[in-house]
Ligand code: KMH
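First, one chain by itself in structure tokens, the form predicted on its own.
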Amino acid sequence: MDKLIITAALTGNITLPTQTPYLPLAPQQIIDDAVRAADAGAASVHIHGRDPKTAKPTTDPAVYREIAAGIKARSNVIVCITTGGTAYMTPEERARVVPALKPELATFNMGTINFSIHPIADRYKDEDYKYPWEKEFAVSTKDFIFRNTFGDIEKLMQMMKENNTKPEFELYDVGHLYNLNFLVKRNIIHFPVWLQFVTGILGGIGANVDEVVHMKQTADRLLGMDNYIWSVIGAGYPAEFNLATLAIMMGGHARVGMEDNIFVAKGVLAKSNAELVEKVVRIARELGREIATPDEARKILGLKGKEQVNY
């Protein structure tokens, strides 16, 4: 097996500040947490930006540049930039950070789905929210269609190629593997590919062993075992750690972080993303799987190197 690539998804756009006081929000908080996660064993940090004044998700390239440059100045960790955005952003707005920053790695969503966090709003009273936008943001996702059409995908793939940015393909359901296979056959996407099986999002595939095994077997059949490297995301607790453990045993890789899960143990909030990384490192070591450094992960994934980014 390759050494384990651990990705830390630091803040995301679906975790509400009200859910945990430990969520990094301001650029400097995200930078500091990224460095701590890297020191704990993360080879890659997945970056979303938030408005420095309101903590609301943003795709402002200036915010991303501040975060990415701050991380680069202090750590060798891979910086993976999101192109996911939010319900309020067009595909073009979501992708504009790629030509602006020319990152080594950026997320690439492989299909249109319902994507909702509206049940979170049922957990809080109006007076509980830390920011005035949070409740409306959560409730609005009940009618959110996360658009990633074949036209959008082709445009983003061309953008990635022009900027020599490696796609991290986000697969929320088994149909997204068929989308990927179709685009490989059309010579739009080329092997080898880096896949994230995203499980547990309302609107996508469930977060359990059967679904991950099904995704893996489907990828083997459609793509061929030698043509891809895969990782898994388990949204929520305990799915994050259960499925990370499964991936460790199956030869895959793992993503953790407050974007996906805020608990380090049952009912215990993680105080940093580093705590979540440390737990997966402990599990991997108990199972005899070595941890990849950022440079080892760059070699495994075939990245261009941080000296070729635009930040």
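A residue's number is simply how far along the shown sequence it sits, counting from 1. Here the structure is a predicted model, which means the values were calculated and not measured.
Below, we turn to the form predicted in complex with this ligand, even though it does not appear here.
Residue-level contacts in the predicted bound form: of Phe115, Trp194, Phe137, Tyr129, one residue has a heavy atom within 4.5 Å of this ligand, and it is Phe115. None of Ile201, Ile120, Ala100, Ala239 but one reaches within 4.5 angstroms of this ligand in the predicted bound form through a heavy atom, and that residue is Ile201.
Heavy atoms of every residue among Asn13, Glu170 and Asp260 are located within 4.5 Å of this ligand in the predicted bound form. Not displayed here, this ligand is kept clear of His253 by more than 4.5 Å at the level of heavy atoms in the predicted bound form. This ligand in the predicted bound form comes within 4.5 Å of a heavy atom belonging to His48. Although the partner is absent here, Thr165 is not a contact residue: none of its heavy atoms lies within 4.5 angstroms of this ligand in the predicted bound form.
In the predicted bound form, this ligand sits beyond 4.5 Å of every heavy atom of Gly234.
Comment: 101 to 109 is the region of 217 to 225, 175 to 183, 101 to 109, 67 to 75 lying near this ligand in the predicted bound form, near meaning a non-hydrogen atom within 4.5 Å.
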